[in-house]
Every structure is written in structure tokens, then in C-alpha cells.
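Below, in C-alpha cells: the form predicted alone, a single chain.
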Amino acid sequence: MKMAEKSPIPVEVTRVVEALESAGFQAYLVGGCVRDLLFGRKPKDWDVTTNAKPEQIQGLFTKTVYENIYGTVAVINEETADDTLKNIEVTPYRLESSYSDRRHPDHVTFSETIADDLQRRDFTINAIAISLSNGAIKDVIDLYEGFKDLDTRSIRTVGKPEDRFNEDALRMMRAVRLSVELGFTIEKHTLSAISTLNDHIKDISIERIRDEFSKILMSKNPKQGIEMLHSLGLLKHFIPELEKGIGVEQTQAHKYDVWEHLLRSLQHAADKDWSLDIRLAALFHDIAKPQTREFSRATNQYTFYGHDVIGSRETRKILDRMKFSRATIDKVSKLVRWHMFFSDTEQITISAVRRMIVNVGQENIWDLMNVRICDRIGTGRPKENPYRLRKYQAMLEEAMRDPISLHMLKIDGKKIMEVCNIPAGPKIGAILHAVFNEILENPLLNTSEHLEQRAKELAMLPEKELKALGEAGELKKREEDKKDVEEIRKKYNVS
């Protein structure tokens, strides 16, 4: 391939390589960072491999952490603001024995040659090593035609795919993840081996599966990723519930079956670059439709009563099984539970919207709205933001806005009775509305000292004059409230 325009290699990385070479050791960049550099992407992390042993690596740097049994040493750079450079991993060349558990090598021995290290790598595009000179690429070591596979955009294992997947079955999911992240095609022999060995994924810890699955969801093409996981036989081993939606026909409002609808909903969340929580909720929001589907002879349509409630429980069960964080489980299951709250905009009230905000949480309400948008696009309807959704957005903003309220005042009725030495009664309300009117004109006057003094002055006015001031303040408040609501509705182009 013709080498892409390369990202500059950070000085922190160059220093690590130079320190190793100055001490008489070999040092190469290797793995995903090399792949990304050659492909013109910014690396997410940096890996260095060397013939130095762990204790020799640690002796060259001020602050390090011995990370694992494979001899990986993290060189710590606390002064950098770039998270990708805070820990630069340096690992000795190594040879690995068989993987009897399909997860970890039974034995690891350190080697003296870069060739030994590259032969244990998973895919050819991750088995390219580069040496540096003055912060630039000096030499490229490509023993398995990884450069060619970068050029043809192909995912191919180093050596026989059966050997690589028997060593670490998670590599099968990693092949799918790299495919959707990079836009590459999985080479046919690699693809065939995944289909044959897919049940080996059951030997992998659910935490490792979860992490790869999350990366697939966070790619630009998660729909394609989930389809590949299904076609290769991997998905059924960790989320079989999703596949139950295949071929499950829906109502006339839906163009697609449940499976296709969920994948299209997920893809829209990715197209919008929305968070993992929204993507999970979009993928699972109708997860219970297959088990709740009934045919109504009265309407000649399918119904799915309670699928939101049951779906929330199913979602919680799935995410708990995959050991997502408690915060993620709670939020996503809540988004699934309430995704059906949208109904006729002519009937729903502001108070109902406020109750929904309480149910789902103010911090989650706009994510719920985005899940609803994904749901709509997933039906096959091209219009993302029709009047009904805009109306809800306006109602949400209206319900959540900070209302112009007497509670904003730095004085209340109790304080007025105290400083003015007057009993409870209409006069207290008149004073509150009168000072409120003044604060609307000049918010800087909203201090306890000023308002207490002003309350005393107002309390001395004749009752008729004070009542007129109070009524003017109350009218002003209503006008300001109305103005705010009109601006919100204008923003969303709704009545």
C-alpha cells in the first residue's frame, strides 16, 4: 500500500524508544498503534516491544508499573495532558505456549528476536513493527504481509485462523470489531474459522466479551457488527434474546420485523454519535416484543401490551449478566421502561410530562427523547423530527425551565411578617408581588437587605395603593411566564 499521511509520533513515545536503544536494547512500536499510524488514524494507545527484560525496562525510567505476568511495564508520564500518553506499555519480546483454556497462554518465555514476538500476534495488520529515528519511522518489519492487508482492507490472522482462535477465542469478536471500526472485510478463511469455532466464545469471561461488544456498539457501523455476530454464530452465546426478534412481524406502523427495527434504531444512535447508554437502550427497547405479541381480531393487528415493562426487566437481566456497571444498568433499563410515554400531543398535559421527568430523572429525559427518535427512525419513517416529537421537546423544555417564581426572591412571607410586624393576610401577598415586580425590572435588587427595607416601606402604604402595586406585579409575572413559553414553542415550531 501507499503509506498514508502519518500522524506525528509524540515526543513521549520517542523518549521511551530512545531510552531503550541508548541502553543497548532493541525497541519497536508494534500492534494497534502501528496499524493506525500507517492507516492515517490517531492511535488510541502506544505499545513498545523490546528485547529488554522487565527489570531492565524498569531501571531505565523514573516511574513505572509492572502490569502483568507477561512482563508488561507501563511507563508513567504524569505531566502529559493526553490520556493516550499517560501510560506507554513496554513489553519484552515473548514466545507463548499452547492455550489450554482458550484465554491465556499456559507458559510465557521472553525472547531475543522481534520475529518471535510478531508470530504470536492475532491479525496481520497488528503484526507490523516499526523502528524510529529522530521521532520518525525508520524501518518497517512486516513478516506476514500486514501492509498488503491494510491496502486491501482485509482482516486476516497471522498463520492458521484455527490456531489463533484456539489460543484466544475472543479474537473472533475482535475480528468483527476491527471490521466495523476500520471498514475492513474479514478474509474468507478467517471468516470460515469463526463460523466453525464460534462456540469457543463460551470459554471467554463475560467481562471481556462485554468490552468487545461495547466497542462494536460504539463503532460507526454497529448494525453491521451485530449482523456479523449473528451470522457467525457468536451472538447467540451471550445475547440470545436479540435473535428472538428475527422474523417477528409488527404492526402496520412498522416496516420491519423486530430484529431489523432494533438494529436500525441502534444504527441511528450511532449516526448521531450518541452515547453507549442511548445505543444500548435503542438496541433493547423492544426486546420483549416477541414474548408479548398477540393478534387482535378486532383491529386485525398485532399488539405488544406491556413490552415496555417486561422489556425493562429483560434489559436489566441481560446487562446484569454481562456485568455492565450498576449506573449503566439502572439508566438503560429506565430508558427502555419509559420509551412508550409518547402518545397524543393533544391529550398529554404539562403535569404528565413533569411526572415523566420525575420517573426517568431530569438528567435522563433528553436521552429518553433521543431513544424515541431512534425508535421512530427504526420503523422506516424517514422524517426524524415530525411535529409530534417537536411538540414533546417543547413541552419538556417548558416543564423543565426555571419558572419565574416568587421563590426566587430573597425574602418570603414569614420574613415580611417578622420585619414589618404584621399578621398573615392578603397584605403579605401584595407586598411579595410588589417587590417581585421591582426585581423583574432590576434583578440586582434581589438581596435580603434591600427587600427587607423595601417591605417595610410598602407596608406603610395605604391598602389601595399597595393592592394596585401587588396586582401589577402578579400581572407582570404572568406576562413573563407566557413570553417564556411562547419563545420555547417558537423554537420548536409548534403551537
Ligand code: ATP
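None of these values were measured; they are calculated from a predicted model. A residue's number is simply how far along the shown sequence it sits, counting from 1.
Same protein, other form: the form predicted together with adenosine-5'-triphosphate (ATP), not shown, and the subject of what follows.
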Going by heavy atoms within 4.5 Å, which of 422-430, 456-464, 55-63, 39-47 lines up against adenosine-5'-triphosphate (ATP) in the model of the complex? 39-47
With the distance limit set at 4.5 angstroms and only heavy atoms considered, check whether 31, 126 and 177 all reach adenosine-5'-triphosphate (ATP) in the model of the complex. yes
Under a 4.5 angstroms heavy atom criterion, identify the one residue in 397, 277, 122, 314 near adenosine-5'-triphosphate (ATP) in the model of the complex. 122
Proximity to adenosine-5'-triphosphate (ATP) in the model of the complex, single hit among 367, 168, 149, 187 (heavy atom within 4.5 Å): 168
When the contact criterion is heavy atoms within 4.5 Å, does residue 200 count as touching adenosine-5'-triphosphate (ATP) in the model of the complex? no
At 4.5 Å between heavy atoms, is residue 215 in contact with adenosine-5'-triphosphate (ATP) in the model of the complex? yes
